[in-house]
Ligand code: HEC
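Okay, here we've got a single chain as C-alpha cells, the form predicted alone, with questions on binding and movement later.
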C-alpha cells in the first residue's frame, strides 16, 4: 500500500512537472534571437530581462535612452498630422505629414513642376522627444532620414537639422545610427553603406547595449533558476573607472568617426573604447568641445572629475528617468562637497535666488555649435544642451530659474 502511494505521488509530481514544461515550451529555455553579435552571441531584448528584473525594467523603459528609437505606435509620434499644423516649406517644395489608417507618411510636393510627388512612410522614430524627433524610412533594405522633424520646444515641424532648404534624401549609416539603437546589422561591415538587415535591428538603447548580448545569460538562468550569482552577463560594478566611462563614452564623447578596428557596433562594455575608435576632436581646447554629444570630453576637463574618482554613474542612474529631478542632482553634489571649503561662496541673496540649485550655475545650458534648427519666425536657432564641464561661470551664463 505504501509502495502504491509512493508510486502515485511520483507520477503526480512527474505529471505536474511535465505540464509546467509544456506550458513553458522549448522556446522558454531558448529565447528567440532578435539579432546576433559578431561573436555569435544573441540579443534577446529587454522584454526577456523583465522576467527576473521587473523593477529595473519598469523604470528603464521610461528613460530617454530606451526611447531614443522606436517603431511608430499610437502615442509615441509627437508631431501633429492635422492639416493646419503638418507642413514644412522648402525653397523648391512643400513637405506635408499625413496619417493614413495606422501608418504615417511624409509627402513632398515639388513646386513649379520640378519633379513627381514623393511619399515615404515613417518606419522608425529617432529621439525620445525631449529635444526632438526625427524619422527614418525604409526603401527596400536602404534606410533614409526624412526631411521633416518635430521640434517640441516650438511644437512644430521643421526642416531636419543639418538639411538644406531643398529636398534631400539622407542615407543613414552606422555612424549616425549607433547612438540610437542597441544593435544593427549593416550589410557593409564597414558601416559606410545604408543597407541593413531589417529583421536584425534592436531599437532603443536597452539593457544589452551596456550589459552585452544576454542570450547565454537567459538560457543559463532559465535552466538553473536556483542560482542567484549572474552568469554570462557584464556586471558594470566589476569594471574599472575608465571601463565604466567607456560604456557611456561610446555615444557621449563626440562623433568617434575614426574607426580603428571593427565597426561602430564592435565595441562591447568591459573593453577599451580607445582601441576601437577615436574622436576627431581629440586635442582641441575645452572651449571648442560641443555640448551636444561630447559630455565625456567636457566632464573630464572638470576639476570635480580630475580630483576625484567620479564616473558617469556617480551622478546618473541609467535605469531611471531622472530628468527634472533637481533635488536629486543637488544631493549628488553635496555628497562630495561636504567640507567647509566646499560651501557655496555666492552671496546669501544669490543663493536664495538660485534656490540652492548648484547645477543651474555650475552646469548651465549652452547653445550647441553643431545642433541647430531653422524656425520660420526667428531663423536659425541653436539647440540648448546642458554642459558637463563643471566650472564657475559668470552670472550671464547661469541657467534661468523659474
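Numbering follows the first chain given and starts at 1. This one's a predicted model, so the numbers in the text were calculated from it and none came from an experiment.
Unshown form predicted together with the named molecule; subsequent notes refer to it.
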Non-hydrogen atom within 4.5 Å of the named molecule in the predicted bound form for each of 304, 321 and 371: yes
Listed residue (110, 175, 262, 72) with a non-hydrogen atom within 4.5 angstroms of the named molecule in the predicted bound form: 175
236, 168, 154, 117 - the one with a heavy atom within 4.5 Å of the named molecule in the predicted bound form: 236
Interface segment, criterion being heavy atoms within 4.5 Å of the named molecule in the predicted bound form, picked from 184-192, 270-278, 204-212, 91-99: 204-212
Non-hydrogen atom contact residue 79 with the named molecule in the predicted bound form at 4.5 angstroms: no
Contact test in the predicted bound form: residue 363 vs the named molecule, heavy atoms, 4.5 Å: yes
Residue 48, heavy atom within 4.5 angstroms of the named molecule in the predicted bound form: yes
Exercise: residue 332 in contact with the named molecule in the predicted bound form, heavy atom 4.5 Å: yes
Stretch 46-82: residues contacting the named molecule in the predicted bound form, 4.5 Å heavy atom cut-off: 46, 48, 49, 51, 52, 53, 56, 57, 60, 64, 65, 68
